[in-house]
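A single chain comes next, written as C-alpha cells; it is the form predicted on its own.
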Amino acid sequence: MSVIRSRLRSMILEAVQPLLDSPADLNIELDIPKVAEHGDFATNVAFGLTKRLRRNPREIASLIIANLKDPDRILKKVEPAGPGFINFFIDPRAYHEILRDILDNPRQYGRQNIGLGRRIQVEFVSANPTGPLHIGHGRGAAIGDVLANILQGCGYDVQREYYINDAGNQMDTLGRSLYYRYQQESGEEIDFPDNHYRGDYMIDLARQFIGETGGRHRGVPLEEVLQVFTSYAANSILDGIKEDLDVFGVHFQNWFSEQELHNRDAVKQALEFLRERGYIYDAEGAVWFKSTAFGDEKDRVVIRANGASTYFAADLAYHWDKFRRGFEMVVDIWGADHHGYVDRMKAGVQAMGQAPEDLRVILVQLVNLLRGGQPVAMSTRGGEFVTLREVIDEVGKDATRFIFLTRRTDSPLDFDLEVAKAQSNDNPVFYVQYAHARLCSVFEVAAERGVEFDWKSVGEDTLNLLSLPREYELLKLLGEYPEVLATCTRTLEPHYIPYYLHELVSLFHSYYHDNRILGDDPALTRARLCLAAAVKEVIANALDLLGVAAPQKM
C-alpha cells in the first residue's frame, strides 16, 4: 500500500471510531476520481455506515470530515461530494516521501506483507508430455510465473509446480506413435493410425531413437517394446519442455508425476478418505463422488464399472496431496477448455474439508497468432502447430512474455509476430524498455557533464521545484505502484502491471518531450533527476516481476 493511501485510511478509520459504539476494523476503499477537480482520492465509507449510525451518508461524511486529524499535513483540503462521498486533495509535498521510499530501496518498493507468510502453491503449464509446448501453453507459463513472482513479493511463501500427466491411455498412445514412426523410419511398411500423435516431432524423435539404439527394435512386435517406446518418448518430450521453459525464464521447484500417485496407491487412499467423510458411494456398478453436495450439476464417476479410475479421481488425489503437503491455498492455471471442470474440482476440495477459496482456478483464454495482422494457421490437423519455442526464437523471450501479459487471462489474446519484433511504440515491450534505456541515458549524460547526483542530499526546498502538472501526475502515479501489486495479489491477475507500465511510460515520454531534465538551473536539475531516478527504478522493478529485462541501452 502506498504511503499516501496508508495514511489516508488510518486517518479515516480514526475519524470514524468516535461515531461508533465499539471499535471497528472497516474496509476503507479509496478510489482515484476520473475528474481531477474531484480530488486525488475519494471514499464511499459513509455509505457503509448508514445502518449502524442510522443517518444519511451525506451527514456521516460531514461528521467524518469534522473528525479528521492530519498531523503530517498531507491534505490540502477535504470536501463532501454528492450523496455522501468524501474527496481528498493531497498537498503535492506529501508525495516527496514516495520519492524517498523508492530511492531508498528500489527493488523493495511496492513489495508488502499481504500474504503474512502463508504457504501457497501455483500450479501451471502442466502440459501432457505428448508433444512440444505451443503458444497457448506459453501464455499460461507467463501468467503463472509472473503471478508467483508477485505473490512472493507480497509476502506469500510460494511454490511453483508442474503436474506431469504421465499416466493413462494417452501415454500408451504416445508410445505406439513413436513405435510406428520408428518402424517407418527403419524401412518397415506400416500404416500410421489416424488417432495417434502425427506431428513432425514424432518423426524427429524416431530418427533420434534410431540413432541411439542402432535400429535394434526394427520389426520387434509392439507388445514386446511398448513400454520402452513410451518411456523414451515421454522422457524426451519432457526434457524438451523443460528446455523450452528454461529459455522462457520459467523454473519450477517441483515436477509432480501423476504416475507416482498411482504407484503409491494415493488415488485409492484419497477415495477412502472421502468415503469416510460421506462423499463416495457405489451405484450402477461404479464408484461415484457426491459433487452435487457442493453445487455441482451432477455427481461424478471416480471408478468405472470396469475398475479403471477416471482422470477426476487422480485429480482428487493430487489436490488431496497438495493440501496434505501444507499449502494453505492452491492456485491452478488451466486452459479455458477446462471451464466445465472447475465446479467439480472445487467440490472435491470442499469435501476434503477445505474452504472454497482455498482453491483458486484461473482459466486462460486462447492465443490468436498473427503476422502483420493476418492469422497464422495453427490447426492441429495432421499434428501441426506453432510451438512456443518457435515464437521465442523469432521475437525473443522478453517480447513473448510481455505480450502474453497484456490482456486479462479471461480474454483472448492477439499476438502479432511483426508487432512483437518492431522497434516502435506499437510494440508494447519496446515502448517500456525504451523508456528505461532513455532514463539510463539521462544519467550517463549527467555524469559526462559533471552533474553530481546524490538524491539523499536533495532537500525539501529543491523537491518543491517539481511544480508542473505532469510532475505532480508522475509522483501520484509512482505512489500507486504498491496498490497495483496489491490488486494483482487480490485478483490473481498480473495484467495490471503491463497496464500500469504503459500508463507510467506514456506519461514520462510526454513529460520528457516537453521538459529538459538536465537544464541550466542546478537545483531544478537535481529535483528532476530525483523524479527521473524514481521512474527508472519503478520501471525496472516492475519489469523484474514480469521476468523481462530492463536494458540500459537500445
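Note that residue numbering follows the sequence shown and begins at 1. Quick caveat: nothing in here was measured; it's all calculated off a predicted structure. Heads up, when I say rigid core I mean the largest set of C-alphas that superpose within 1.5 Å between the two forms.
The next section is about a form of this same protein that is not shown, the form predicted together with the RNA.
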query	finding
Per-stretch contact check against the RNA in the predicted bound form, the hit in 69-77, 346-354, 198-206, 278-286 (non-hydrogen atom, 4.5 angstroms)	278-286
Triple contact flag His217, Gln227 and Glu394 to the RNA in the predicted bound form, non-hydrogen atom at 4.5 angstroms	no
In the predicted bound form, the residue from Asn128, Thr462, Ser186, Asn149 that sits within 4.5 Å of the RNA by heavy atoms	Asn128
Proximity to the RNA in the predicted bound form, single hit among Asn254, Thr292, Ser441, Ser257 (heavy atom within 4.5 Å)	Ser441
Asn105: touches the RNA in the predicted bound form, heavy atom cutoff 4.5 angstroms	no
Non-hydrogen atom contact Gly340 with the RNA in the predicted bound form at 4.5 angstroms	yes
Partner contact for Asp414 in the predicted bound form: the RNA, 4.5 angstroms, heavy atom	yes
Close approach of Arg407 to the RNA in the predicted bound form, 4.5 Å, heavy atom	yes
In the predicted bound form: members of 74-98 within 4.5 Å of the RNA, any heavy atom	Ala81, Gly82, Pro83, Phe85, Asn87
Did Ile362 shift 2 Å or more between the shown form and the other one, C-alpha, core superposed	no
Large Cα shift (2 Å or above) at Phe415 between the shown form and the other one, core-fitted	yes
Rigid-core frame, C-alpha of Thr50, shift of 2 angstroms or more between the shown form and the other one	yes
